[in-house]
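Just one chain follows, in the form predicted on its own, and it is written as structure tokens.
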Amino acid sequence: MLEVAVAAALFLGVVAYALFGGADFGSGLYDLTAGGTRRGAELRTLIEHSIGPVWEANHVWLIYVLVMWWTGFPASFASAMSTLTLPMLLALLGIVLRGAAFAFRKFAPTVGQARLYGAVFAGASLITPFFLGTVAGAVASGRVPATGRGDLWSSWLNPTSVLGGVIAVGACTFLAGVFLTADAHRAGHDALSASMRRRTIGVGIVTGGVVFAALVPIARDAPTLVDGLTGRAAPLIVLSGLSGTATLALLVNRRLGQARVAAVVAVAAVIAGWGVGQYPWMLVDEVTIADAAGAEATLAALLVVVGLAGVLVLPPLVYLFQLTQTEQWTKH
């Protein structure tokens, strides 16, 4: 069962990227709608403070996922990357533009240039989770062949992929809103925290509505996935729904620390539910995890590397996040 262990380790990276990277990407919508230079300065400063120390580190999870997939399940990786070249390139373009704009905005010599970089940062923050969501939808709906290249357009321009992209953006925005609300409150910016709390509740309600509305078209378009979601993965989906509802209730009652935990559980549970619902497929309806796996020696080596990474990489990341949480932000 080496291949299942490697697939599980790979999917843990997907969950980690969805949580940590997702919280960063989701800040883009709030940055975009913060208001003019003066009115939006406080929120944009909060966003910069919250994601500035960790936004680059979060992409280690994407690298981890791609390397694990490429090394452990090479044929399925080749097929997915050749079929989904366009959304993957657009997602990566978003990552590059977002990082560059985030860095350049801080040192922009004029207000106009700062606004331009801010718009690029916000827009790229939205397109990356969208296109990564379309990739997940393509795999989950069985549109990536076991070998060779599938259709370059219909593979990701379909109901499951598009709805997956929209839900990814909504989930990232909701998660970011919960974190930013708590950060503003902890720093003593009560008015900003109250404003973010109201906006986050609205985003959560809209995202929940989109999820429920998407159930019917996804059930028609991706029956194998839906069978798994309503079967073995049902407890995780229920947990996600309950946690999302609890997050909204905790926000309403201003219990912001607990809301952060509930939001993390909600997003982690729905991502894990996707993985459990898709099992035992690597590419749904095309190739199973067992059939897609590489050589046993390679799989064993990957698990050793994962163990070493857990010892060498995770503690510094945890320490970095602790530093960002204890650091104080004050209004200038």
Partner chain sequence: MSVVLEFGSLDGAMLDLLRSVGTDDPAGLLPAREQMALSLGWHIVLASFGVAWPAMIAVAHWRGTYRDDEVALRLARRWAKVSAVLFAIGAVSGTVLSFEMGLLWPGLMGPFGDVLGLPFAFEGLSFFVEAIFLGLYLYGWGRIPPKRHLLMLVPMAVAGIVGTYCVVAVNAWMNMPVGFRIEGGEVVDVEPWAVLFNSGAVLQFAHMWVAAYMVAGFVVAAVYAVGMLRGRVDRHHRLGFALPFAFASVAAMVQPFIGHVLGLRIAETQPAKLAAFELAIETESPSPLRLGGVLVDGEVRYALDIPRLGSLIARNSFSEPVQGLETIAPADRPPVNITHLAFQSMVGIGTLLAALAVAYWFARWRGRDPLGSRWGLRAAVLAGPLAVVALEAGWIATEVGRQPWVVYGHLRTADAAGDNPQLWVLLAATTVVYGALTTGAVVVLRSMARRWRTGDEELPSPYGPETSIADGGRDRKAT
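Bear in mind that the values here come from a model prediction, so they are computed numbers and not experimental data. Positions refer to the first chain, counted from 1.
This protein has a second form, the form predicted in complex with the partner chain, left out of what is shown; the following refers to that one.
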item: Proximity to the partner chain in the model of the complex, single hit among 195, 230, 85, 224 (heavy atom within 4.5 Å); value: 85
item: Candidate stretches 89-97, 137-145, 159-167, 174-182 - the one whose heavy atoms come within 4.5 Å of the partner chain in the model of the complex; value: 89-97
item: Residue contact check: residue 235 to the partner chain in the model of the complex, 4.5 Å heavy atom; value: no
item: 4.5 angstroms heavy atom contact with the partner chain in the model of the complex for residue 281; value: no
item: Close approach of residue 107 to the partner chain in the model of the complex, 4.5 Å, heavy atom; value: yes
item: is_contact(residue 41, the partner chain) in the model of the complex, heavy atom dist at most 4.5 Å; value: yes
item: Check all three, 46, 67 and 320, heavy atom within 4.5 Å of the partner chain in the model of the complex; value: yes
item: Partner contacts in the model of the complex for 282-300 (non-hydrogen atom within 4.5 angstroms of the partner chain); value: 294, 295, 297, 298
